[in-house]
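Okay, here we've got a single chain as structure tokens, the form predicted alone, with questions on binding and movement later.
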């Protein structure tokens, strides 16, 4: 039976995450308005807190499983801010790809690096099967050519997991992932992207021009291109089963922050949120707030279920897409709804609500848009083929 009741250890961990988030929140507006700056890896107040990861050493079998508590920690951190952390840990999306597709030797060699993941290109958007970046074998080296955009952790990473095709005519089956270390000749960080939201976040564009990497940098080492299947492409996509619930949790944290801010403002105005009474007996504002809160709780449960399945080593392809699609929609509804409730307070730059409204937008886009997630869900539940939905 699934049980998401938090233990004393869970609550202690999440309590510190919430305290750290409040500190990070003090710096959020500065880095939002100074997009060219990077938030530091460690804030001055960090000396006043034990390392939050020290709590993980004391966890027992009775505590919430690591995949589930990790989602709650992510949501707790973004309750403070999307980009600013009291102390920034190592690792990026590319590390999840390395764990999903790399051999034990490759994981041992590069697992200690902070790795970004480069998929999106100017011409293929959210469809990784249309990747145009090429990898050509020349002796014992791969030669890479192409462009990647919107690479998370692109400036500060130490290496990147790059998706490229060995044979464009083979479609999905020809796509493989490669590990490219920073400072490899031919690998250029073109610029940091400027964005609507998550302005302080490290999002970059990459260019690969005759970039040569060792033959063994092909993740998984399988150079074959099957004729009658997608080959290792499905294996590569397993990365998303691990990262999509995490992206949803990031959005959830900001939606929770918006709800908490709205509730506090309503209380200052003399409006209390009452539970247990019928909606018909509530004011329109309170009824609206309760509706947004219910949407948020429903989204949270989809995230925790996807993470729980991962912890039980059960397939979660469907659940990862459901939670990504559901939460991506809900966080936009919630932050928009909170602005609707508060009016001018909601759009004032004196508060963070308008920032959360801009920041959550990305969680419905990257790691596969909401539309992509609904197509995956339709295929899983109704048996549609990829061709029938395109």
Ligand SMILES: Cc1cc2nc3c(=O)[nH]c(=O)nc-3n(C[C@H](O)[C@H](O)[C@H](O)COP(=O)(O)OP(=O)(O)OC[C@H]3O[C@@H](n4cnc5c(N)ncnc54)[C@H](O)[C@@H]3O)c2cc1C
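Keep in mind it's a predicted model, so treat the numbers as computed, not measured. Residue numbers count along the first chain shown, from 1.
What follows is about the form predicted in complex with this ligand, which we do not show.
> Any of the heavy atoms of residue 369 lying within 4.5 Å of this ligand in the predicted complex?
Residue-level check for residue 369: yes, a contact with this ligand.
> I'd like to know whether residue 195 contacts this ligand in the predicted complex, with contact meaning heavy atoms within 4.5 angstroms.
Result yes; residue 195 sits at the interface with this ligand in the predicted complex.
> So, in the predicted complex, is residue 119 in contact with this ligand at a 4.5 angstroms heavy atom limit?
Yes.
> Going by a heavy atom distance of 4.5 Å, is residue 390 a contact of this ligand in the predicted complex?
Residue 390: contacts this ligand in the predicted complex.
> Check each of 46, 365, 345, 352 and return the one that places a heavy atom within 4.5 angstroms of this ligand in the predicted complex.
Result of the distance check: 365.
> Would you mind picking the one in 217, 239, 165, 203 that has a heavy atom within 4.5 Å of this ligand in the predicted complex?
By the 4.5 Å criterion, the partner-contacting residue is 203.
> Quick one: find which of 311-319, 147-155, 207-215, 97-105 has residues within 4.5 Å of this ligand in the predicted complex by heavy atom distance.
Contact criterion met by 147-155 only.
> If the criterion is a non-hydrogen atom within 4.5 angstroms, does every one of 93, 125 and 375 touch this ligand in the predicted complex?
Each of the three qualifies.
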